[in-house]
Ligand code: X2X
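Heads up, the chain below is alone and in the form predicted on its own; it's given as structure tokens.
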């Protein structure tokens, strides 16, 4: 073999190795998935379920790596959507509350006492209003794939039972960083205080803050009763759907096969998580009661009093959310 032929064979071999390397790289792709809570909570379990389904069905060509506890945004959950839109995060299972500063239409679900029950949630997310919300998300550089559920948010405090708006008068209530939450609790006569959950726990323990609002799953798993929250009111004042989504540029870079895989597995994981969250509500409530928490359930008349007390909040925020979205949601709720 001549020197020229040897060099040619060697070069061809290098090209083959390079081609194989590129091929393997193209086949195996990992996407980062952000979530606020760990898999101790249904929220985190939803993300893990999505990753498991993708791993099972992609033959190793596509994997999702879940980063819980807002790791990818240094603990600031309100930055999650912006980070995903800019490409710092590939995908997320996120909260409508946390993403609402960037997508005003998501405030639909935070309108106080607007969506009264699970049937209403399903009617909204599964109908025209849900489609309009997904279109709003997509228009901002993120591809929404499926719905999940963090659940209805209930209110607790260390002072006494809350069964009417007057019971909130002067109470310092920790709320998430959303102006709509500020307006809602101010309308009810409370003193809303925005702070992270890390700061809220010691504040509740010392009595610097009287109360907080969260879904039953969070109240139960985080043992919020252990920080002085002895009174819990089930008032379903708002629901916090979760959304499975992917950065739009990442989405467009995927093959049609992988796009279908991601969407189908997201929908399956979402349906699984919604069913699990709802099925566990009764057990969670029983466990909370067993730990000595006084639970107040509102009558229809008591619920209506809260609706009327927050009507001004609805009137202020409905135009900001978009009349088309709100009207579509109202029609779905009425027809459920």
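Positions refer to the first chain, counted from 1. All of these numbers come straight from a predicted model, not from anything done at the bench.
The same protein also has a form predicted in complex with the ligand, omitted here; what follows describes it.
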Spot the stretch among 252 to 260, 139 to 147, 97 to 105, 222 to 230 with residues whose non-hydrogen atoms come within 4.5 Å of the ligand in the predicted complex.
97 to 105
Using the partner position in the predicted complex, report whether residue 240 sits within 4.5 Å of the ligand, counting heavy atoms only.
yes
Quick check on residue 190: any heavy atom within 4.5 Å of the ligand in the predicted complex?
no
With the cut-off set at 4.5 Å between non-hydrogen atoms, does residue 274 touch the ligand in the predicted complex?
no
Under a 4.5 Å heavy atom criterion, is residue 197 part of the interface with the ligand in the predicted complex?
yes
State the residue from 214, 248, 158, 182 whose non-hydrogen atoms include one within 4.5 Å of the ligand in the predicted complex.
214
Of 162, 209, 121, 176, the only residue with a heavy atom within 4.5 Å of the ligand in the predicted complex is 176
Taking the ligand in the predicted complex, which residues of 32 to 54 have any heavy atom within 4.5 Å of it?
36, 37, 43
